[in-house]
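Single chain ahead, by itself, as structure tokens, in the form predicted on its own.
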Amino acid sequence: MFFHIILERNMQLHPRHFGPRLRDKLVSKLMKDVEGTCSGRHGFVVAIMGIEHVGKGLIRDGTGFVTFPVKYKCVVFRPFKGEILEAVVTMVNKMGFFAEAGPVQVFVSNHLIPDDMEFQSADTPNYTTSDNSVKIQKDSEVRLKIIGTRVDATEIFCIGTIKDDFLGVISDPGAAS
């Protein structure tokens, strides 16, 4: 799920950047350092929406660097147990498949795939129904449900299922050919 939150960060700036464009340099450095990162507490920082406040800088002894406290508004993505996501399959093996929903990687075990689907280890590994009407392979789009998350300091891992109503393949790249 996506949230708008306000976060704080101490930014260090080299003295060569002091001048009329100091604030612009702080903003660009903040975007470069923060966008695309993950904190276990808040989730993945998708985008910085704006700067709320830049505090007074503190000169660091001996280096000349200045530390500025910066408050900024951003959009974060944090998956929760029970949430339904649409994801793209990145890898299929006999244990299950991995899919990516934005920045988060989800593993779906073969025990959480419907019973009528079997693993086929052909030239492109896939899970196929007995009548060959539905196929899950690399680059297939699936709708899945998060049944578990594990949060590290810098990463979020998810376990998902497609063994429920209205879950499964949305589009199959192999069907177009």
Partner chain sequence: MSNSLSIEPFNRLVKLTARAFYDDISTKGDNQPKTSRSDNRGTAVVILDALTRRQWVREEDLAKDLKLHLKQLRRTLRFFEEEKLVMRDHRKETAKGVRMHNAAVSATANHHYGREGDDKIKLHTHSYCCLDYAQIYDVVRYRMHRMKKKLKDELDSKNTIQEYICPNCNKRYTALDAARLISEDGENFLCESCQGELVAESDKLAGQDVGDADENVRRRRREKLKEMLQKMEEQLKPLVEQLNRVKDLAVPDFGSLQAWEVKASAAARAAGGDNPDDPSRSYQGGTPMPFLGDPKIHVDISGVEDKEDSKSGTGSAPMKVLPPWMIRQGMKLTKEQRGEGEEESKPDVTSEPAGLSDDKKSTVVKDDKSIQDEYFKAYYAAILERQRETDVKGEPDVSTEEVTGQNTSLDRQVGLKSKREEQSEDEDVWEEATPSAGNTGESYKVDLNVQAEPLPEEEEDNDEEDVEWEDG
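Please read all numbers here as calculations on a predicted model, not as lab measurements. Numbering follows the first chain given and starts at 1.
The next section is about a form of this same protein that is not shown, the form predicted in complex with the partner chain.
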- Query: Can you pick the one in V46, C38, L112, L30 that has a heavy atom within 4.5 Å of the partner chain in the model of the complex?
  - Reply: L112
- Candidate stretches 30-38, 55-63, 126-134, 139-147 - the one whose heavy atoms come within 4.5 Å of the partner chain in the model of the complex: 139-147
- Task: Would you check, heavy atoms only and a 4.5 Å threshold, whether F18 touches the partner chain in the model of the complex?
- Result: no
- Task: Answer yes if any heavy atom of F107 is within 4.5 Å of a heavy atom of the partner chain in the model of the complex; otherwise answer no.
- Result: yes
- Query: Any chance K73 has a heavy atom within 4.5 Å of the partner chain in the model of the complex?
  - Reply: no
- Task: May I ask you to state whether D24 is within 4.5 Å of the partner chain in the model of the complex, using heavy atom distances?
- Result: no
- Note on the structure: Applying a 4.5 angstroms cut-off on non-hydrogen atoms, the residues of 147-167 near the partner chain in the model of the complex are I147, G148, T149, R150, F157, I159, T161, K163, D164
